[in-house]
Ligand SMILES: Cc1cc2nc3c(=O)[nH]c(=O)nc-3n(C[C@H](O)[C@H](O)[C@H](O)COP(=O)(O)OP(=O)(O)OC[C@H]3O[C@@H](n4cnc5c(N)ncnc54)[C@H](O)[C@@H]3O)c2cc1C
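Here we start with a single chain on its own, the form predicted alone, put down as structure tokens.
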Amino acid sequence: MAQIKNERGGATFRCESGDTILRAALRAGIGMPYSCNTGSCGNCRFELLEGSVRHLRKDPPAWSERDLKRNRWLGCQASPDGDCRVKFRTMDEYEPPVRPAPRQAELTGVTQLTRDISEFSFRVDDDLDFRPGQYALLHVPGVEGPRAYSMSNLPGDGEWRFMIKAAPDGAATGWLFDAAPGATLTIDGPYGTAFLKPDSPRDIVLLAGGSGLSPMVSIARGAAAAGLLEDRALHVFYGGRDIPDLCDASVLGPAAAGKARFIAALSDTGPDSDWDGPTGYLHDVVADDMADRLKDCEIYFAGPAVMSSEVQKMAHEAGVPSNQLHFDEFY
């Protein structure tokens, strides 16, 4: 076990063998900035002042030769070889509402939702809380490095569920989609800051592309469970490429589905398509549908990196304040 001291603020925390500096900081309740937790966004960079670390991922996309020369490392990938002195800023908004922890989990069932998305249910050792919209890291047997997947359910039933899209030749999804009930793995969480903000009085807009559906379903269910939909509207937009990629409002669960306005859209349709709903990129569909109302809403979104970039641009052009946009940066 290593002792990590942050010279910017003076906090000291322990890092277990094999853990990373970011996750150890969050487990200690320290608000170290981050987003993806997989080495892709770079939000968790820190300066190493003393000691040595190694990256668990050999080629994290957000780390460069320039970072190495400046002795800057990625908190989500850096595992210390011993005691270290580091330097990073802390921010209140990154202090975890529930401190993450690893736990053993057993696969109890799989439900197919669309052509290539299924919901996986795992029974966990404990019933640790999480916030609607957060994610966890799944350590899949035989696969190097964890994978980040968002929960689709609400806490309290002894299970954590994830809506996961099969990736062509994906090692992690290959194992998951082939696994039978009873298979076990380690789930580490919860993580993420793009969770439901129940104190906001604004109407709620959810945008999901592909397996970005999972956190949006959790947020919709959380809003319904908290009674938020009694005095505010819920608009849910879900995009796919073709009809077999889509689902309907029932995926939100009875309480949220009965309150939500659910709009499915296809990005592209052929001349022989039977689709008569909205078409085009999801951010354009939302902009056309919501127009001037968008700036007065609390907006949550998840999906491919290209979609995330376009949604941010669309929201900016619509005059949406940045503090009303909630998303975790996955690439």
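Since the structure is predicted, the reported quantities are computational estimates derived from the model, not experimental observations. Numbering starts at 1 and runs along the sequence shown.
One more form of this protein exists, namely the form predicted together with the ligand; it is left out here, but the text below deals with it.
Trainee: Name the stretch: of 36-44, 64-72, 283-291, 258-266, exactly one has residues whose heavy atoms fall within 4.5 Å of the ligand in the predicted complex.
Mentor: Among the candidates, contact is made by 36-44.
Trainee: Can you pick the one in Asp129, Asp126, Glu144, Asp81 that has a heavy atom within 4.5 Å of the ligand in the predicted complex?
Mentor: Here the answer is residue option Glu144.
Trainee: Select from the listed residues Val251, Ala194, Val205, Ile164 the one whose heavy atoms reach within 4.5 Å of the ligand in the predicted complex.
Mentor: Spelling it out, the residue with a heavy atom inside the cut-off is Ile164.
Trainee: Can any non-hydrogen atom of Ser150 be found within 4.5 angstroms of the ligand in the predicted complex?
Mentor: Within the cut-off, so yes.
Trainee: In the predicted complex, is there a heavy atom of the ligand that lies within 4.5 Å of any heavy atom of Pro155, even though the partner is absent here?
Mentor: The answer is no: Pro155 has no heavy atom within 4.5 Å of the ligand.
Trainee: Tell me, yes or no, whether Gly170 is in contact with the ligand in the predicted complex, where a contact means a heavy atom of each within 4.5 Å.
Mentor: Yes, Gly170 lies within 4.5 Å of the ligand in the predicted complex.
Trainee: Applying a 4.5 Å heavy atom distance criterion, does Phe122 contact the ligand in the predicted complex?
Mentor: Phe122 lies outside the contact set for the ligand.
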